[in-house]
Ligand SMILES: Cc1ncc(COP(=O)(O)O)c(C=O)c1O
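Only one chain comes next, encoded as structure tokens, the form predicted alone.
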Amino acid sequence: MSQRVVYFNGQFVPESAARVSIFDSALMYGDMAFEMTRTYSQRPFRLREHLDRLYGSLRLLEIDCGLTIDQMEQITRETLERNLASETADMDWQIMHDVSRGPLSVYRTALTEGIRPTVSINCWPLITHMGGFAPNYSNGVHVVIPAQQTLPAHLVDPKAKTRSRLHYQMANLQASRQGAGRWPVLLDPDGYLAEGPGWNIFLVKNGELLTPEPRNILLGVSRATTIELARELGLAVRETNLGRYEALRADEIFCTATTYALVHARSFEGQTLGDGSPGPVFTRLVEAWKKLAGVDFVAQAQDYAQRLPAWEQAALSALGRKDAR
């Protein structure tokens, strides 16, 4: 297990050496745009769509990172390529982009490198994410509504993916108090379903796919992919206002995100959906996703779950950690 490298402000450096200044605007204000992409068979999945959203976020934040989108894509692929040899050939990866405005100018006398945007790209083996997630594919997740609402678009536009995400953290904490493994879906200020912390929600009713309108949500790449695949399967898709009432009457509910693609909800607000197992529409979409990705990501996650303890022990041993056993 060789050391991973990170692209950091124009250089490739060891992961352990990539450090953001304590005076960075990301720390001071959460003033950072980011994107997370995953690979399938070590190839980035819809990387350009993720980068397009990143550059949309940067435009909204008025940050010029100094790289064109084409340059960012080239550097991203090089970063991934430099890290592939650190793992086995069947390992897939998370690719993370983080771009901030850089350190605040008031602290410029403490900065030998001067003031410039902070740009980093790191790659992380998906075994840690998907190994722990694997049971959710068969068991489903329990979706609940927390007290925390989402931020309305007239305050901070949720279409920009930024690190200012305290409302997500509050929703997670509130959901966890309802029981282990609860997934919070936030309501918008009008009382309609918006999104979860890092995922989008879909309902199925009478064979029709329903999902919240784009007004107060992040426009997920996996959300868009799911809509595209549903239409290819001949399913009706509607973006509309959805509330607690519609969710409780849904035949199926599922969530979409980059890492896991999609996972079914076993219950909503404590009420079991059907018999709690994956529904027929969700099952069709999973198969379509696997075909598009070229990877059975469910089987992959189950394999990662078996290998994760040994992987973590090897990683800790490589660091000389005393808690490695």
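Given the structure is predicted, the values throughout are model-derived calculations rather than measurements. Note that residue numbering follows the sequence shown and begins at 1.
If you look for the form predicted in complex with this ligand, you will not find it shown, but the lines that follow are about it.
Asker: Please identify the residue among L218, C123, A175, A250 with any heavy atom within 4.5 Å of this ligand in the predicted complex.
Answerer: Filtering the options by heavy-atom distance leaves L218.
Asker: Out of K290, R53, R284, R266, which one falls within 4.5 Å of this ligand in the predicted complex, going by heavy atoms?
Answerer: For this set of options, the contacting one is R53.
Asker: Given the stretches 256 to 264, 54 to 62, 25 to 33, 271 to 279, which is the single one in contact with this ligand in the predicted complex, using a heavy atom cutoff of 4.5 Å?
Answerer: In the other structure, the partner sits against 256 to 264.
Asker: So in the predicted complex, does any heavy atom of R101 sit within 4.5 Å of this ligand?
Answerer: No, R101 is distant from the partner.
Asker: Just checking whether E195 would be counted as a contact of this ligand in the predicted complex - the rule being heavy atoms within 4.5 angstroms.
Answerer: Judged by the heavy-atom cut-off of 4.5 Å, E195 is in contact with this ligand in the predicted complex.
Asker: Would you check, heavy atoms only and a 4.5 Å threshold, whether W199 touches this ligand in the predicted complex?
Answerer: Although this ligand is absent here, W199 would touch it in the predicted complex, with heavy atoms inside 4.5 Å.
Asker: Can you work out whether R165 and this ligand are in contact in the predicted complex, taking contact to mean some heavy atom pair no more than 4.5 Å apart?
Answerer: So R165 counts as contacting this ligand.
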